[in-house]
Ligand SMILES: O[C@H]1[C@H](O)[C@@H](O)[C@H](O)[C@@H](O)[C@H]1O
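Only one chain comes next, encoded as structure tokens, the form predicted alone.
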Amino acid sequence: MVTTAVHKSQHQQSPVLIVGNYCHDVLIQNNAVKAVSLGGAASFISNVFNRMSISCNVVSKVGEDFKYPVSYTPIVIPTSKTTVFHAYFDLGFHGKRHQDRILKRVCACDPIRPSDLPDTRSNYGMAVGVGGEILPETLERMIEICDVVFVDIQALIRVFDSVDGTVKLVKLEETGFYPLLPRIGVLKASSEEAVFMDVEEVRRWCCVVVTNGKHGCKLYWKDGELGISPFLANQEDPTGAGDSFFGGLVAGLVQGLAVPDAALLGNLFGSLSVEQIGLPKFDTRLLQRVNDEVQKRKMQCLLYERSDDELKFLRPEGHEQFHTVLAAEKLVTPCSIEEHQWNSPSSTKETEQIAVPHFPKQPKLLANPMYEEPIQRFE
């Protein structure tokens, strides 16, 4: 679905508001650039929503150097450049600790401010900054205009080395976001990020979702916790897997699934994402079957009564069978992209078409083609 970018007061109401900047991601291994692609949590999440036919608004800022056509038009800041991350896949060893990659923010676009958000309400808000672009006052405004707000902890605890931009993490309680936790609905963190908060403390205020790669994820809420099974995947690139998970989780909730079932859908999309480099291109036939199964699951759970908000976290009857069905559908049509798509001649043409003129006095909006741009891969 393509939305038309207009002044914020004219944004149409949609179920989900996504807030976070688009980025340029550069993947580096053995001192060589292996691929460049569209990045940023907003791009991965909106990609999932597009494929699941879920309406959303995206508030994102880029510079005039932004080079990708996207489904949801960003605000272009003439005085700033697009946020750029370099991901190093051969520097991930620090003593006994291992990371999939080392991230460096080499360029940062302007932050997203409360005045950049639409005036209309949304059922769900997603604060998913990756480069420090979400401010405490922006998150507070999201809480005011959204019924439930989902937050990725990376938007709250990332700091950046002043010399080379290496991404570092600080304790959540040391940030200006900490007082807002009782007002948000869900906080998502990877297992590596979760150590920077007191899960037992935070779960008293909001649901905490901790992702753990091939081991799936775990839900924590005030009165309980629940592990959610993973899906098998052959990892090619971990970039954006947590974002795709988050998109799948909220997509499931939008369509009426219970939280555990929605988390299964999130695990599915996370597993599909790691099997591709850069922004994943999901197989249309697979997603149609997944959509069909989601609708069947929704109908199965109509008799599942929820007398209060806490019950929505309980595992509904048939949860394991739902996992089995989704796993079987994933195996029917492996999600893959043919090699010729990496270097499609149409890629360059589409990118050239998105060039925009210079207006030095005010932010402007890019043209709005559907995102179908393959990443550029270098051998």
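Owing to the predicted nature of the structure, the values given are computational and were not obtained by experimental measurement. All residue numbers are counted from 1 along the displayed sequence.
Only in words, not in the display: the form predicted in complex with this ligand, which the text now covers.
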Practice problem: From the candidate stretches 235 to 243, 114 to 122, 70 to 78, 289 to 297, select the single one in contact with this ligand in the predicted bound form, where contact means a heavy atom within 4.5 Å. | Solution: 235 to 243
Quiz item: So in the predicted bound form, does any heavy atom of R101 sit within 4.5 Å of this ligand?
Solution: yes
Quiz item: Would A41 sit within 4.5 Å of this ligand in the predicted bound form, counting heavy atoms only?
Solution: yes
Self-check item: Contact label in the predicted bound form: C23 to this ligand, heavy atom within 4.5 Å
Solution: yes
Quiz item: Should T82 be classed as touching this ligand in the predicted bound form when contacts are defined as heavy atoms within 4.5 Å?
Solution: no
Quiz item: Looking at K281, R203, R158, R141, which is the one with a non-hydrogen atom within 4.5 Å of this ligand in the predicted bound form?
Solution: R158
Quiz item: Which of these residues, V130, A262, C109, L187, gets a heavy atom within 4.5 Å of this ligand in the predicted bound form?
Solution: V130
Quiz item: in the predicted bound form, which residues of 317 to 332 put a heavy atom within 4.5 Å of this ligand?
Solution: none
